[in-house]
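Below you'll find only one chain, the form predicted alone, shown as structure tokens.
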């Protein structure tokens, strides 16, 4: 019991730790078990919910929260007990940019404050998110041994190659300058980068611009698939030998493949409207990023598209027909849905049985070759087909989810925060797989708070407002150019300004 007062552990999956029915009760749960006075509990709950910006959620039921709202609730339930040591496993994975900035800012304030004696340990794949808050870094090898250990700024400046070898998601800014010139000292923050480019020549600026575009905006390694018509064989991620020329024939892509008309959804018995009066059209072969703040209805929209929820009003048309008119079994075969929580779609006790779960239910087991099954298993890692899926890591469970939908070849793939818990290599493999599936005509929608990855990989962006209405639907690939607050776009604009300035000077 004494240890519970000193140490807080926030796990990667918020559902593993939520034990009550409302946000208010969840935050108070630990204090109640420690027998704090009721007045003190109410006071602390009020203070911490305000501190983390979730006061408006106190009376909300847990099952009506978004992933990000769940994460903030769990964090509040530990911070309310004033722990001495707080361990956070991917704490910002489910958070939108505003909530992420709020949380990291609050944590930074906590550890710097004289009023709190708090040691913070953050487990995170994305170094860019914790540069401003962490002063030390420990990097582990695959076998659990320590690869790097030292001051954050020193490791970033002097051991960047070692960081990349360790398969971390290194900060895009450092990666860009590292690829541009490995002999220079990497700029750790954006102002250092701006200062550096002001001293570059036109030729150097043009080279840096090319590197930035090819690594962080339109990745070079995906360009080789631009003109490929079809997959020939499965290897590694099932992509090894592909047709290396275009047939020259233009494919006919039907318009209004999926059409959403005046869609509104309210959670039963709550009065909470998740989506309202939403209308948009999705074409076959679209590769779409779905963005918006926590609670804006992104996950709800995916559930509606998959036919798992029924709208209060409005309709969703698939090839011109309302999806509610389809046989559920028939429509389910057309949809591959990767849930936000990977354990939500694991049903069997072995990896192989999990992958074969859908083919058995769809009566297509005889169409699945053993070699294909083995390659889908290898996507998960070097694991036995008989291993229990629940003993896999979060990232491996996510890859198992992918294998379990790829096996039955759905037309539409919906992914809810698929990048959470994934290292750099796995993300690149995942994106390459989705990219090829898209080239084969599959329609893909990715809901994510990781705007940087959506900038690199998706073609269109749907943005929802906080109230579940449509804020923006960019169909021309210009979303990030128009909303130029993303780091790579800002740097690209600064490089272009310097090129124009130096050209004028000459």
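Just so it is clear, the model here is predicted, and its values are computed rather than measured. Residue numbers count along the first chain shown, from 1.
What comes next is about the form predicted together with a small molecule, which is not displayed.
Problem set entry | Candidate from 333, 299, 281, 82 lying within 4.5 Å of the small molecule in the predicted complex - any heavy atom | Answer to the contact question: 299.
Exercise. What is the one choice in 63, 33, 476, 55 with a heavy atom within 4.5 Å of the small molecule in the predicted complex?
Worked result: Among 63, 33, 476, 55, a heavy atom within 4.5 Å of the small molecule in the predicted complex occurs only for 63.
Exercise. Just one stretch in 266-274, 201-209, 157-165, 345-353 has heavy atoms within 4.5 Å of the small molecule in the predicted complex, so which one is it?
Worked result: Flagged stretch: 266-274.
For this session: Would you check whether the small molecule, in the predicted complex, lies within 4.5 angstroms of a non-hydrogen atom from each of 171, 450 and 487?
Result: The answer is no: none of the three residues contacts the partner (heavy atom, 4.5 Å cut-off).
Problem set entry | Distance check, residue 286 to the small molecule in the predicted complex, heavy atom within 4.5 Å | Outside the cut-off, so no.
Exercise. Does residue 389 reach the small molecule in the predicted complex if we count a contact as any heavy atom within 4.5 Å?
Worked result: It does not: once the small molecule is placed as it appears in the predicted complex, residue 389 has no heavy atom within 4.5 Å of it.
Exercise. Is residue 418 close enough to the small molecule in the predicted complex to count, meaning some heavy atom within 4.5 Å?
Worked result: Looking in the predicted complex, residue contacts with the small molecule do not include residue 418, since no heavy atom lies within 4.5 Å.
Exercise. Even though the small molecule is not shown here, does residue 49 get within 4.5 Å of it in the predicted complex, heavy atoms only?
Worked result: No, residue 49 stays farther than 4.5 Å from the small molecule in the predicted complex.
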